[in-house]
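Let us start with two forms of the same protein chain, each given on its own as structure tokens and named structure 1 and structure 2.
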Structure 1
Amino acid sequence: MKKALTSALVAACATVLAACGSSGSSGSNGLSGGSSASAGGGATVASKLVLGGSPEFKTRTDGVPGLQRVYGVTFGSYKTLDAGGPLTINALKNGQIDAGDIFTTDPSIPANGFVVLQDPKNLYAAQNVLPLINKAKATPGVSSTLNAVSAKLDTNTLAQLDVHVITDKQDPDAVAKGWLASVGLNKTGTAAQGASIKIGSANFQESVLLAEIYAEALRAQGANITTRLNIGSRETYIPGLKDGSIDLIPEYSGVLLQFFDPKATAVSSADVYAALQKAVPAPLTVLDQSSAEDKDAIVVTKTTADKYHLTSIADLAKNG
């Protein structure tokens, strides 16, 4: 019934849109460079493909310009969608785009058999999960509690927890509590007694989950916690951290470094972390980073990967 209705709706509206001609393509952001699709045998694989990602990926140093600079890869066009969210993933799945900027822990990658292209030249910096906190709130007790969480968190675990939240639609708070219990971090203590902390999260589910993990761990240690989840993107919540609307938010080392220092070149986990500690402006600071990483990756469907024999980003620059 629902399906039939939907199909009817699609059919009816498609007719209308067909009548409206070219408007269908007006939203796409056009070719991103002049080197694509040169005549003859010179066309690269990338020039035949559409890349999709967040608005900022189009201009970010390690985004479209980075692909060109490091790998000589220029896609046929760039479609502005979202930061590894439902728009990008659905677009990749349904063929609106051929490649997407998606985060490595995303459960939809294994679920759809997407292929993550290798990044041999380390275009993408390390993205270790870590707490970004207002220095004044980072008491020894709070820091030790959060550092304990980071010590237990690894990439595999994070990916698994994402599956519970995103695929199984479990409540992030429940998933957080469950995991803390499974690693013994739910034991009540007094380390953060007296601390009053407002925890925020970005508007994607992994960030919400991480915020809940921090929140529950701190609650167990006696802190008074309030949460402000789903606060848009970095451009909104970093000012929020600075003006005291929130005190703590889960972050990713590489992208945070880029945010504070757009010219940063550090790539390895340790280098990024070291640079980040210097780059974070007052009154903020970062605590210990976890080994859990969730980094940008250029992801294609299995069909595309097979068709063009793609395993690495570099393969996109080949003629195909």
Structure 2
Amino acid sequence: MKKALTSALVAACATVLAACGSSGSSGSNGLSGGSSASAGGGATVASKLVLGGSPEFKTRTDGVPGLQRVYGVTFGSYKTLDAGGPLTINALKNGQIDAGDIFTTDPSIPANGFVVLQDPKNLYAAQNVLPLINKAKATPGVSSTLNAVSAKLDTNTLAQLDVHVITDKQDPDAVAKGWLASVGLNKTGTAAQGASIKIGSANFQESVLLAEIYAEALRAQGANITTRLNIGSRETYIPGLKDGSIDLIPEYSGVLLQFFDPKATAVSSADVYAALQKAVPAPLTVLDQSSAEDKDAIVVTKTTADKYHLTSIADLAKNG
């Protein structure tokens, strides 16, 4: 009888322990570790790592939920930092996080020998730089001025300008003026004469730089410009665009499409732009997109990449 009771107790304890184990654990920011087992069983590489990025990236369709949905990748925890800015860069350098959401044109990537993990399943769609503007402010003169900027801006140029601002710590407005002069877009004109436009930016350096480029180009064409920089994430500035507290902000086509239409499936530059034009809500619109692209990327240090044999996001879902 005693032996039977003992056996029953052991079985009951085993059942409880198994149930506890199957529920997973939560990271420091509430990310469940319940999906941290790989297809082959055992803990995944990602389940041992801390991911860092902006508050928005934690809930964005192509952020943490996208990593889980597309690649089956669930990190051990998430550290809320900034949108690919100095907080994320420094946290990755200092070992406070193991992986970060960093933009592909960021000069900190080559400067620190960081490794950009490949995205073979195209979680991150095309991300062309373009102006998002209140439609009432998109007069023919304003539109032609901003479209001329987009026509001159390419990815290599953007990366070089980022070096001046991010690495060399130059003033974004001075860098903007210098580039506009170099491509002949600083000449005084009257195309935007009489327009009064409030230009905003997100809270990372490239967005500030692009806002200054738009501002100086429009000033050269006679517009009255005020700037409101480092506003924050889309949850903050999109309402501002709709209520008129800001009129114009630099944006990225793919992530903006996902913001307005989380079910969007477009990937290529042309398809994303076409879908975005339809998805932008009133009273907003987008103007011409540039060929300059700056995508989100999951970035790790070379030490982490070598330790876990990482070349692709998919590698994070393998046994650790």
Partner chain sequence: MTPPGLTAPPVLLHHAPTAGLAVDSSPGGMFSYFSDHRDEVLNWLGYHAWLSAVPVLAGLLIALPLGWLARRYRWTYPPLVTAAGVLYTIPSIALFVAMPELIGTQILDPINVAVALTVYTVALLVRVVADGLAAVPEDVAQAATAMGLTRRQRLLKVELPLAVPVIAAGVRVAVVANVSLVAVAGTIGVPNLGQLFTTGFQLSVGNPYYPPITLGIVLCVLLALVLDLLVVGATRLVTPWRRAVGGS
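Start at 1 and count along the sequence of structure 1; that gives the residue numbers used here. A quick note: this is a predicted structure, and the numbers were derived from the prediction, not measured. Here the rigid core means the biggest group of C-alpha atoms that line up within 1.5 Å when the two forms are laid on top of each other.
Visitor: Can you tell me whether structure 1 or structure 2 is the form predicted in complex with its partner chain?
Guide: The chain shown first - structure 1 - is the form that fits the description.
Visitor: Once the core is superposed between the two structures, does residue 54 show a C-alpha displacement of at least 2 Å?
Guide: Result for residue 54: yes, a 2 Å-plus shift.
Visitor: For residue 145, is the C-alpha shift between the two structures 2 Å or more after core superposition?
Guide: No, residue 145 moves less than 2 Å.
Visitor: Quote the angle in degrees describing how far the smaller of the two rigid parts swings relative to the larger between the two structures.
Guide: After superposing the larger part, the smaller part appears rotated by 13 degrees.
Visitor: Would you mind giving the Cα movement of residue 314 between the two structures in Å, after fitting on the rigid core?
Guide: The alpha-carbon displacement, core-superposed, is 4.2 Å.
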